[in-house]
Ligand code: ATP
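Heads up, the chain below is alone and in the form predicted alone; it's given as structure tokens.
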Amino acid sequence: MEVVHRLRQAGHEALWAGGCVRDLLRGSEPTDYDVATSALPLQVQELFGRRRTHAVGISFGVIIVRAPKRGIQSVEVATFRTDSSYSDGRHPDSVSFSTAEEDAQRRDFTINGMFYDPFDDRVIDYVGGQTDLQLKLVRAIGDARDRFREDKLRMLRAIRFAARFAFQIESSTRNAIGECAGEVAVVSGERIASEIQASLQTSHAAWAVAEWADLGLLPVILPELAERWEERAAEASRLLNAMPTATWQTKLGGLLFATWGAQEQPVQLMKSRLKLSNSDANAIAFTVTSQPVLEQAHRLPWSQVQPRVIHPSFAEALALLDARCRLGLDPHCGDWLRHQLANIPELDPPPLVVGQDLQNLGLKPGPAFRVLLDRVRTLQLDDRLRNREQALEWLNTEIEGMDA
């Protein structure tokens, strides 16, 4: 409100724009607010001062205006513009500053192309966004092929918005995605990964993945899945539907498990191509590879199960196990693990002995150190060595046997 007020006081047109208008009309609280204005970028900077502004995209007319107090969100202020050609398939080569109506025409989808006057409580809609909100449609503004050839990522965004809001994709827009799907290969792995994550995070993730497959996007963005999708699609979709509130890492792990089983190699291929962080890739890999142990946990020694239970991504792996249980796996797998977690006093007890203890018993540092320490740890977790004294006695016997 303050940003719009200050811009108007200075004689400029200023309106809320894009996603915040869409969310307000849907009755939900926007996650952020963008302002579109007739003021040029340098005029925005002069009006709010250099300390409160950050020229993140001044060549595209975008200035961030920081809030005067901490804890209040910054606002992106963009000058009304039209875009030239998009030679890289993502960003305009140049922009020309224009009017609100022209600015609306260069945006991606009608539901994202509206403006709102917060003082007059008035929606300014040049593209039919209000009608498409009522119809629950994601529709490209103008010619869908032009919009997707300008910015290839918009194809994935269309599916993400539809999955997020439980909308359908308007037929000509959907057809254009099918025609242009292969062109998404020019988008960076990081941006593709961001859209994959956002779509999987919705409660309609199974629908989104099916759309990627039907429209030809899956072989480009997730070839590991596409390779086996036709034969595994039903199982993978059922698994996603069985865990609607799981994290995106769990859902992606579930997709890989449904298509490849407990293999780690597809995760590593995906990590390299999508530039996933080590923590995300490790979480997905653990979720996938730990399933055989977790589903058999009630039959295995605790020493084999405990390293999985204390892993940072155990919650994700357990969520996938629960979904598999709901779909026909032994329904008691997850319950048994939860019982163990609730009744074992200390999941990760301190080791009974350390390397110095081996040296004190006369063993020189070497490969045998780790073997013996691991063996003591296994016996400790399986409740076969219950205290330090028992562990030292066992070690002493083993070392004597080695010397003999």
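Since we're looking at a predicted model, the values are computed, not measured. One-based numbering along the sequence shown.
Although it is not shown, the form predicted together with the named molecule is what the next lines describe.
Residues with any non-hydrogen atom within 4.5 angstroms of the named molecule in the predicted bound form fall in just one of 295-303, 312-320, 156-164, 217-225: 156-164. When the named molecule is considered in the predicted bound form, T79 lies well away from it, no heavy atom lying within 4.5 Å. Of the heavy atoms in R107, some are within 4.5 Å of the named molecule in the predicted bound form.
Contact annotation for D34: at least one heavy atom lies within 4.5 Å of the named molecule in the predicted bound form. Contact annotation for E264: none of its heavy atoms lies within 4.5 Å of the named molecule in the predicted bound form. Residue-level contacts in the predicted bound form: of E102, D151, E235, D125, one residue has a heavy atom within 4.5 Å of the named molecule, and it is D151. Out of the listed residues T173, T250, S290, N112, N112 is the one that sits within 4.5 Å of the named molecule in the predicted bound form by at least one heavy atom.
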